[in-house]
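Next comes just one chain, in structure tokens: the form predicted on its own.
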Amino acid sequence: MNKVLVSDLLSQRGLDVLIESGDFEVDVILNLTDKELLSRIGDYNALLIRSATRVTAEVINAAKQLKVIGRAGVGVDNIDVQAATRKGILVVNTPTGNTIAAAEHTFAMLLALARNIVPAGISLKNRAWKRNEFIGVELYGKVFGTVGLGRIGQEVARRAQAFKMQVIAYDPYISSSAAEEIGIRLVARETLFQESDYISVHTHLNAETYHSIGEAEFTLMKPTCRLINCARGGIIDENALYYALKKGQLAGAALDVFENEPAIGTPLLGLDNLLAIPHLGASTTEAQEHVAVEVAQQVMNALRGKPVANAVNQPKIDSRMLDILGPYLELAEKIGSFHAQIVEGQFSAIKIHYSGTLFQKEDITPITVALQKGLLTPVLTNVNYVNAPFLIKRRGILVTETKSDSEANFANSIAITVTTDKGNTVIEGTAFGRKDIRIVRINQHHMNAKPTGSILLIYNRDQPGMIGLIGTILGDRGINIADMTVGRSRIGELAVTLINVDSPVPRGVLQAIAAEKKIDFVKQVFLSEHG
């Protein structure tokens, strides 16, 4: 009989799924310290957690019989997924269990903001009858803009459509045809901020989206616009939002999430045109039951050797194939992530060209899947090796593969072309060894760059002094250069510079580089330090 340890509070309905099957011995032991978990984990085949339990590499190494870790929720930041993968332990989560709760909560916030529900209710409870002070606005015929059109974004959009709102969206990772099928018009990011009467955020937090809605975006918005964020704290620059609300640059905002929680000290709470809620997006009885039942079912399937729907880490690849293809799995995922962070326009197609004898005889499917996961990871919270191809297909993005024998430059390489409505972008990479992967070409520019950590991508005029100019700007701001490579096709024309830096470059420094006359384009890319 398989033994299951439940170390965080889960709905009883989820526990009953395991208990009533008769195949599992379930121990519910809450509030374990790190040391206590370490001493107990060796006896169990499965571990069920929420966000409180920390599953470190040390815990995983002590787990002699562990086969699966189940997370009742989306985020797996409290699990060392790489350590679990190395040991062959499956990690599963429940990305869909709170979709309806989050969508309904978002729309509840929108309605409350539009009709002044909260301040009007507080006023009446204070024995004041001030109808004229709480005149609201209607949703009918207004423009609803969603930043992100994933699972929750689409559910919120459907509710906006039910209110006869005009729905527009910014999401470069879905094709125009796929959006049109659900009655949504895709627009440029700036257009969304300019045209929307209501804006709802549905993207996840990463280095690219951190403070991505700030002073510049508030300047674009209508003074009658209302902003809602039930996604992740930190996407909105709260300091910039405070001044925008205070100056009347937008009519109001509703926040369920904050950069620092509990957010009891934020000055935003003192504004009359802010609706603030203490992170209740997934806090419904149904959602808590759904995630508990879903994670229990997945753990049950995993222990019984059946397929699971939401494996966070890579499905098992035999050791021989992993030894041969491992570097290219990492390379493909990183090139996908690189593309996602630099390419502009609406994605429509991905072409993967495999060059070399290695790819003629080996199954390249895992590499293609790794690419798709890497492409979606910067914009989705629940993408994994199992669902990445499905998500790409659902978004109307066509994936094709071609192969050829070894070309002149490298024994084996992968060239990935992403097509958008703005054109094609090619990134090629190769592996010189198990731990030495490189980006060797961006479009026609050849180079030799390590795809790791914080990277600056700069298009500049190929003229003397450019490296010194960029180095001085970074050095004056205390940013250390770890590595640098320059690619050019012809002397004196456009060159591409990739700079690995030891720390993320603040937005103000990027703006200083972009302001130089000889700089055409600058973008910061964040790639994982490891595979």
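All residue numbers are counted from 1 along the displayed sequence. All of these numbers come straight from a predicted model, not from anything done at the bench.
The discussion below concerns the form predicted together with a small molecule, not included here.
In plain terms, the part of the chain that comes close to the small molecule in the model of the complex, with a heavy atom within 4.5 Å, is 251 to 259 out of 251 to 259, 127 to 135, 325 to 333, 358 to 366. Although the partner is absent here, residue 247 is not a contact residue: none of its heavy atoms lies within 4.5 angstroms of the small molecule in the model of the complex. Within 4.5 Å of some heavy atom of the small molecule in the model of the complex lies at least one heavy atom of residue 281. Heavy atoms of residue 353 never reach within 4.5 Å of the small molecule in the model of the complex, leaving it off the interface. By the criterion of a heavy atom within 4.5 Å, residue 228 is excluded from the residues contacting the small molecule in the model of the complex. Think of it this way: in the model of the complex, the small molecule has a heavy atom of just one of 410, 163, 385, 173 within 4.5 Å, and the residue is 173. The contact with the small molecule in the model of the complex, taken as any heavy atom within 4.5 Å, belongs to 202 out of 290, 339, 202, 373.
The candidate spot formed by 75, 147 and 379 lies fully in contact with the small molecule in the model of the complex, as each residue has a heavy atom within 4.5 Å of it.
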